[in-house]
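In structure tokens, the next block holds one chain alone, the form predicted alone.
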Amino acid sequence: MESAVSKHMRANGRCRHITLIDPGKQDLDTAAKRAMSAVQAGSECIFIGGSTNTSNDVVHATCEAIKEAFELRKFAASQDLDSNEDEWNVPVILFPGGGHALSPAADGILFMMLMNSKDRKFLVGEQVIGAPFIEKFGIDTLPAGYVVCAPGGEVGRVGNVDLIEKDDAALVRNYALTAKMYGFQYLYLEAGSGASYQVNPELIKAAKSVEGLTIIVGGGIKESSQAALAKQGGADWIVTGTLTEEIEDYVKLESTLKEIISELN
């Protein structure tokens, strides 16, 4: 039977928004408040992860803080006839930097292969380290191919990636086909955190042409016009992360995310 997390995350015919929270770049209170601002803006999923050297303890504490904040808001909404408590049924999903960055408090994990890495560790090594802990925790796995496109940023460097250039749509389609044949349900096209330019919409179209995959796109998206381009390319989910870290005022963060998310509806 398909899990609630998997059902929520699979493509449903409309483009939706994910907020990425990097536990290594803010304290617990800030992480929780940013996550709440994102949900109030219309974000429908929270990813936890990013940095490669963040410990299990920090990742777990961040997941717990966000989940507890959502539960409190859900309870408050249940006591208010004008509020919708279902608004806070938003999955918190691990986007791990490696086999060490895990938490049993998460609703699920994007279980990824960095498909265009030249390092075995990112193809299967970190996954082998993490698998027994994921089994022990009993959290849902979302099998995903992870493909880094130029400019690539830090993930491209750390992951020893053979970057996909912005005009190489045929190669992206081949990666999408490979992901499908492996049985992956998701393909994540990543330009890199804080990238100077986003994934070319033509690359998204090439990936989307392979039926049966949910396409996630992130990196370099900070404005509504950029979100609109990714949507036009065929993205099922759009991820913003650096944007969330750069805006310290929670009201401004919510309004900025609302503007972006409005382009997806």
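So that there is no doubt, residue numbering starts at 1 and follows the sequence shown. Owing to the predicted nature of the structure, the values given are computational and were not obtained by experimental measurement.
Keep in mind that the form predicted in complex with a small molecule is not shown, yet the notes after this line are about it.
Contact annotation: of the candidates 54, 43, 240, 214, the single residue with a non-hydrogen atom within 4.5 angstroms of the small molecule in the predicted complex is 240. Although the partner is absent here, residue 122 sits far enough away that none of its heavy atoms falls within 4.5 Å of the small molecule in the predicted complex. Within 4.5 Å of some heavy atom of the small molecule in the predicted complex lies at least one heavy atom of residue 95. Of the heavy atoms in residue 99, none are within 4.5 Å of the small molecule in the predicted complex.
The closest heavy atom approach of residue 195 to the small molecule in the predicted complex falls within 4.5 Å. Of the candidate stretches 128 to 136, 182 to 190, 103 to 111, 69 to 77, only 182 to 190 contains residues with a heavy atom within 4.5 Å of the small molecule in the predicted complex.
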